[in-house]
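Only one chain comes next, encoded as structure tokens, the form predicted alone.
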């Protein structure tokens, strides 16, 4: 069997441009379809959601809302083994994200001028969890646990129903231990529209989180320019692995396939020094692919896979930073000599005992990460993703008087006279007993009221 994996040996600049290309998406046609779905949900609310569920999910449901009784009944179907595994993952996710909630310092920028920030939770967040080909209950843990730690009041989860009109039991159990407040049976772009604008049943949220297919991703991007924030732009999942010649070809193939099985448009890149190693990896890909239950997805995505053979560190670093992978796996003993030169990556996995699967499920780091090159400017989801930051400043009388001339000249130079007067009127009130002349400002305790 011949695999459609492209191999590049010491690629030139033109090759590099080809290597870093993501799977093609026909965005124009996709945009029109998604825009129509969003508009229909805005106009018809719940009725549109029920109709889209019949059309896209092939199931007729009576109610969008998942009752507490349904959550309890579904949770009972989850094995104790899986419960224990989820609880362990929850502990690690909690420990990692809880450590991010450090109080920020009070900064005295100059004598008498104090500035600080306070974190405040986003009150109502929406979490989208795909159903489809694989119920991503791990994303429930990754998104809802930090939301609870951040102090979010309402956590609204949407996920598509299965063929019987029910939510997968593992998703329900994960929701029950992660602090979800409401669950709704709706998927796709229509779920994003419902979270963004609200319907008769589903409340409007302040920020939307969660992975999804290209329709969901496009919907998130569309509503983000109108009414609601999103976690990040995202696309198909991806990995870049960099290995030395001592790496096990079977491990390299397994890491590539663990990414490839996500979906037909996932992408796996591998950088190795020796073409002989690339040949061994391809042979392992053939062997391991035959064992996969999701073989068709993995096989389809391998046409987007690339193996790059280069002994040049500079070229390898250029590829990594230009590609800006969602996941970066280091299978090199000298990884610490590369680390400071890696600027663009979502999450990094170091050494032979740190598979991407660890971060996807249970090490504690978040698996909701920027894809499609967005790691050049976005971080993965963290505690801060569920918070906003309010800045404060307090000037003492002495601090104000010291800074006042600087503020006045800056405001005057920009031609913003009211800004300058807001300073002058206070300064004059401090300098003149009683009322500030011509401005009617009363003094009380040395400061204007």
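Just so it is clear, the model here is predicted, and its values are computed rather than measured. Positions refer to the first chain, counted from 1.
Keep in mind that the form predicted in complex with another copy of the chain is not shown, yet the notes after this line are about it.
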item	value
Another copy of the chain contact in the predicted complex: residue 200, any heavy atom under 4.5 Å	no
Residue 340, heavy atom within 4.5 angstroms of another copy of the chain in the predicted complex	yes
Contact of residue 380 with another copy of the chain in the predicted complex (heavy atom, 4.5 Å)	yes
Contact of residue 164 with another copy of the chain in the predicted complex (heavy atom, 4.5 Å)	no
Another copy of the chain: the contacting residue among 148, 177, 122, 299 in the predicted complex [heavy atom, 4.5 Å]	122
Interface residue in the predicted complex among 312, 279, 245, 227, criterion: non-hydrogen atom within 4.5 angstroms of another copy of the chain	227
Interface stretch in the predicted complex with another copy of the chain - options 34 to 42, 65 to 73, 388 to 396, 47 to 55, non-hydrogen atom within 4.5 Å	388 to 396
Residues of 256 to 271 having any heavy atom within 4.5 Å of another copy of the chain in the predicted complex, listed in sequence order	257, 258, 261, 262
